[in-house]
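Both blocks below hold the same protein chain, though in two forms, and each is given as structure tokens: structure 1 and structure 2.
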Structure 1
Amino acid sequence: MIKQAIIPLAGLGTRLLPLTSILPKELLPINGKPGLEYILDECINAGIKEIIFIISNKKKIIKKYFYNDKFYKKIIKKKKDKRVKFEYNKILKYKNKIKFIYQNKPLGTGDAILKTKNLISGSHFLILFPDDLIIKKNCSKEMILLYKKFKCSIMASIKVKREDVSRWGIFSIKKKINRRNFFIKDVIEKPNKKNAPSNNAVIGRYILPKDIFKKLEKQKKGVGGEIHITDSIRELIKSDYNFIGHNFAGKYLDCGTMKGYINSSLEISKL
């Protein structure tokens, strides 16, 4: 069973400046709650027991958010505020599941994931990208159930407009399983409209095999001089590893842009 999750948090969040000049984008409030907590709740409710945060020295405030015990204890002792005590107990629950590892040079998602190699114990693990919120349905839980049935790697997918395919990694479909799931033939990064093999786009949820670390160790730098997790996934597919694309049932919210961040608060406030 999938018991470990990785959440890459080392990015600078430049698309959300000036808000992120002081506070990491993952701690920005979305309807009164840090965006990162929605991701943590998704993990915990999906049965994840250990969560690995990848941060940088510039984002140590994320660690402080979960280790600010003296501050909370002082407030609770002085004011005996039930709301503050509730929030502190919630943070303690998160902290007990979190480990931290550092990526201080921005060398790409593949490099970030590789740094967790010695912490992963199971044959497969979950990755969640915090810019991608999925509400109304627990995408990670559904993917773990799918893994339990097929015992192979899984990537979350959304159907995008044909004219927007150049913004995404797009799946080439080998075989449909049912209405929401299909076996993946390939993943093509940002194809043009004419060459896109489908309109099923990669979104920030992955169940990957531990074997991907072997590919990442040998992975050459790709677009932008970075090591991309997608390039190593393609290598696994070429080596006959089965991957399933999962068109999830929840509502996708892009929190990585200013427009998306504002819209996320509006959408979640309606729940």
Structure 2
Amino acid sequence: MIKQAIIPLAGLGTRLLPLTSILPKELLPINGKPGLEYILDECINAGIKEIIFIISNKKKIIKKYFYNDKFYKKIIKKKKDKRVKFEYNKILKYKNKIKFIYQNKPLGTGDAILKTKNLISGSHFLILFPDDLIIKKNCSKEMILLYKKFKCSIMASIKVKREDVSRWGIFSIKKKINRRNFFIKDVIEKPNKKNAPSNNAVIGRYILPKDIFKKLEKQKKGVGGEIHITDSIRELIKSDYNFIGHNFAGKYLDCGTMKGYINSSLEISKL
């Protein structure tokens, strides 16, 4: 079963500057809660028991959100306000499930994930990218159910506009399973319009095998000089590992840009 999840949180968040010069983007409030909490709610409700946060020295304040200092702890404990109590208790509950690991140089998603190698115990694990909020339906839960059935790797996906393919990991389909699921033939990180194999984009939810670490250890830098998880996934596909692309049922909100961040608050306030 999938019991562990990784959340990479060491990114610099430059697209949301100057806000992110004082607060990590994952702690910026979306309709009254840090964006990160929606991601945590999703994994906990999907049955995840342990979450690994990849942070950096610059983003230690994320740890502080879960380990309140004594000063605020005392005040919060005396509070009668239901919302404050609920949120505080939730943070305490989540705190016990979180492990912290550091990536101090932003060398890419692949490099970040490799840092967790010695903490992963099961054959497969879940990754959630905090920029990608999925609301209305729990995408991780859907993917874990799919994993139970097919016992292989899974990536969340949506169709994007042809002119936007260079923003995403793009995959081609080997075989359709049903309306929402496909076996993947190949995946390319941020291709240009000309060499994009389709307009099926990877969204930040992955169920990956532990064997990805062997590929990551040898992974060379890719587009933009970064080590991408997508390139190691490609290597696994070449070595005949099955990957399913899952067109999730929920609604996707991109919180990594200012426009998307503002829109996500609006969308969530309507729920």
Ligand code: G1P
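Here the rigid core means the biggest group of C-alpha atoms that line up within 1.5 Å when the two forms are laid on top of each other. Residue 1 is the first residue of structure 1, and the numbers go on in sequence order from there. All values reported here derive from a predicted model rather than from experimental measurement.
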Practice task
Would you check which of the pair is the form predicted alone?
Solution key: 1
Problem - Displaced residue check between structure 1 and structure 2: residue 93, CA, 2 Å or over, core reference - result: no
Practice task
State yes or no: after fitting on the rigid core, is the Cα displacement of residue 165 between structure 1 and structure 2 at least 2 Å?
Solution key: yes
Exercise for the section: Once the core is aligned, please say if the CA of residue 76 is shifted by at least 2 angstroms between structure 1 and structure 2. Expected result: yes
